[in-house]
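One chain follows as structure tokens, the form predicted on its own.
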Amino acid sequence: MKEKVGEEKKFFFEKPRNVKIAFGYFLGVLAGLLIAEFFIHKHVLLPWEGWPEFYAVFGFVTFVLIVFAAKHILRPIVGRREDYYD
């Protein structure tokens, strides 16, 4: 996935155009999966699992909570000063 441009080699994701294309495909697949959930019969165990887009919202909220916990709880515990290794 390397391309030679003059003397400098560029990797696939170093070009902003390729990143935009890959991100567009990612959003397209994401939208397709969200739409497909309305047409797929789910075998739910708990009542809230039957809500539309429950797993997408649950995953997003959980991810945000993990990021905030890492930033506000774990970072003060394991973080070091900027000049720790100097």
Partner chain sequence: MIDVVPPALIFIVGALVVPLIKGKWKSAFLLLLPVIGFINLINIPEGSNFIVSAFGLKFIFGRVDRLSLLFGYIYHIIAFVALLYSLHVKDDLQHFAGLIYSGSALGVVFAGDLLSLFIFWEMLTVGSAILIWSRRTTAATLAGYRYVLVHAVGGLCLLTGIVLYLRETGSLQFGYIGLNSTASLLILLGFGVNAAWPVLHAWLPDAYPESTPTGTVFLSVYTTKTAVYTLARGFAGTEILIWIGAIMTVFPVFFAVIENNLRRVLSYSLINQVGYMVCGVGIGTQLAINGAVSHVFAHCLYKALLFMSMGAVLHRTGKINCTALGGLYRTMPITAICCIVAAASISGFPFLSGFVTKSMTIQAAVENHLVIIWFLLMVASIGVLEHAGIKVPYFAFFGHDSGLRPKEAPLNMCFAMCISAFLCIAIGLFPNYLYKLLPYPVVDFVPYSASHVVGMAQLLLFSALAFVLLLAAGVYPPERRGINIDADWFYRKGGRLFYFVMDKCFNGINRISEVIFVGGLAGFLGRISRDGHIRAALLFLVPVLTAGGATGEKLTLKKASVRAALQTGTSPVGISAAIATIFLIVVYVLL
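On a predicted model such as this, the values are computed, not experimentally measured, just so you know. Throughout, rigid core stands for the largest set of C-alpha atoms superposing within 1.5 Å between the two forms. Positions refer to the first chain, counted from 1.
If you look for the form predicted together with its partner chain, you will not find it shown, but the lines that follow are about it.
Although the partner is absent from this view, R75 contacts its partner chain in the predicted complex, with a non-hydrogen atom inside 4.5 angstroms.
At the 4.5 Å threshold, heavy atoms of I21 stay clear of its partner chain in the predicted complex, well away from it. The shortest heavy atom separation between R17 and its partner chain in the predicted complex exceeds 4.5 Å.
Residues are counted as partner-facing when one of their heavy atoms sits within 4.5 Å of its partner chain in the predicted complex; in 44-71 these are L45, L46, W48, E53, F54, Y55, A56, F58, G59, F60, T62, F63, V64, I66, V67, F68, A69, A70, K71, in sequence order. Relative to the superposed core, I66 undergoes a C-alpha shift smaller than 2 Å between the shown form and the other one. After superposing the rigid core, the Cα of I21 is displaced by less than 2 Å between the shown form and the other one.
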